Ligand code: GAR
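This document opens with one chain alone, in structure tokens, the form predicted alone.
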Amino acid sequence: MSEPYLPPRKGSIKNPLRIAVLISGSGSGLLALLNHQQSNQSPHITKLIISDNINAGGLRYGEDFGIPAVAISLPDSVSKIEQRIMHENLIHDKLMNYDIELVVLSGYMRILTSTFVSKWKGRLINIHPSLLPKYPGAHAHRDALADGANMTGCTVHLVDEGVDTGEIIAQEEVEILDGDTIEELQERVKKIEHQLYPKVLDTFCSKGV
């Protein structure tokens, strides 16, 4: 049986929600969020950056912005599922150590187990580069182009036990142009993501329970 969503408390400018951002790569979305938080009075504040990739370029923003940034690599294990659970336990412990109240996935490429999701459901949010429920998974731009679609976009959603199946919070459309490559489409969608995600987080964190 699926666990219910349990949202975080209401954040405010005086008492912002403590968030952790999980990344796997360059962290362009993380940078957009950090710049937004610096230049606006915000009901959320980034207190921790975690990557599953020790070489993730986005980890450098921890030093740039004075935020703890850690790489938590997959531990050695014979069993893949045991490895995933051990990895997520390490992440969960780090989140608890920093009193994190909301987990923000920003280009985090690992699928989380239902065990981890159940601990954070309602306090675990993601942005996906398509207009869900269309084109879930890791190859949204490729799938949209292969489908001959003339419109795609991005979706901010709560994370549930499925893959990109959680409750949709907000979406924004991006037109697919004739001759678009995956890389060209990805860049245009990213620009919209970087505008949409921080604004949606402002609204989401201001509501609370």
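Note that the structure is predicted; figures quoted are calculated from it, not measured. So that there is no doubt, residue numbering starts at 1 and follows the sequence shown.
Form predicted in complex with the ligand: not shown, discussed below.
Remark: none of the three candidate residues (P8, Q41 and K199) comes within 4.5 Å of the ligand in the model of the complex, counting heavy atoms only.
Using a 4.5 angstroms limit between non-hydrogen atoms, S28 touches the ligand in the model of the complex. Using a 4.5 angstroms limit between non-hydrogen atoms, I127 touches the ligand in the model of the complex. Although the partner is absent from this view, G107 contacts the ligand in the model of the complex, with a non-hydrogen atom inside 4.5 angstroms.
In the model of the complex, at least one heavy atom of G137 sits within 4.5 Å of the ligand.
Picking from 90-98, 128-136, 76-84, 113-121 the stretch near the ligand in the model of the complex, with a 4.5 Å limit on heavy atoms, gives 128-136. The partner is not shown here, but in the model of the complex the stretch 168-197 reaches within 4.5 angstroms of the ligand through a heavy atom at K190, E193.
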